[in-house]
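As structure tokens, one chain now follows by itself in the form predicted alone.
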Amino acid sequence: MQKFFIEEAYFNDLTLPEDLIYQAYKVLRYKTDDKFIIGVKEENYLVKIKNISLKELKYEIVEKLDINNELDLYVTIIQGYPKGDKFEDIIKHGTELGASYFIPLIMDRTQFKMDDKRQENKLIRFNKIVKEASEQSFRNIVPKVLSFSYLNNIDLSCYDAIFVCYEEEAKNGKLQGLKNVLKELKSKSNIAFIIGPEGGISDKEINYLKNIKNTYFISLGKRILRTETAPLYCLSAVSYERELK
């Protein structure tokens, strides 16, 4: 069954925005009495179409649904911005796996140049991708992709735990750090994963992070992962440790 996230104003009018009306009518071929799910302000409703055309769609509420498809932790992926379109895959699949926020990070080894206008256009596209992924995966919320940032501009004090993905920890044989901390975190804790771009996290950045409270340097197993694989590993580990009990 299809799910649409909409703003409260459309829900109050028992309709959808124009782009979703088009999708429902032309793409999904919905007809009168067909049902779908609405997500609004973290609540979910099963609704039934009363009438539909290319220009108008009206529905009625069938029931409020008691659904919670969220992790019990708020997870932020702070991702060293990678080359090409890799970040789009990270946010799409990261949304499916339960992330709450994404921050594209300009790091010492980031290999791109982008002016403010292009960054703004990218953010619009990123948040559209996240919304569609949230609908597909039946999330209760739509995660947010925050503005491009630098490491020293992020307020890391708001996190209960910060996990820095650092390959040297694997070389040292320290493979249990992530698992052990995840076990001890209280429900609704805010956590963050910091992941470097293709060239990794620089020594300067590592030294900066060593002075941040509640920071843990972790390995992601014995193998070295690509930058676009690492956040998905982290989110899968959170899901395994916190949900599959």
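Not measured: the values here are computed from a predicted model. All residue numbers refer to positions in the sequence shown, first residue = 1.
Form predicted in complex with a further copy of the same chain: not shown, discussed below.
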item	value
Listed range touching a further copy of the same chain, judged in the predicted complex by heavy atoms within 4.5 Å, from 74-82, 119-127, 158-166, 93-101	93-101
Any non-hydrogen atom of N68 within 4.5 angstroms of a further copy of the same chain in the predicted complex	yes
In the predicted complex, Q2 touching a further copy of the same chain (heavy atom, 4.5 Å)	no
4.5 angstroms heavy atom contact with a further copy of the same chain in the predicted complex for L182	yes
L14 within 4.5 Å of a further copy of the same chain in the predicted complex, heavy atoms	no
Heavy atom contacts to a further copy of the same chain in the predicted complex at 4.5 Å, residues of 106-121 in sequence order	none
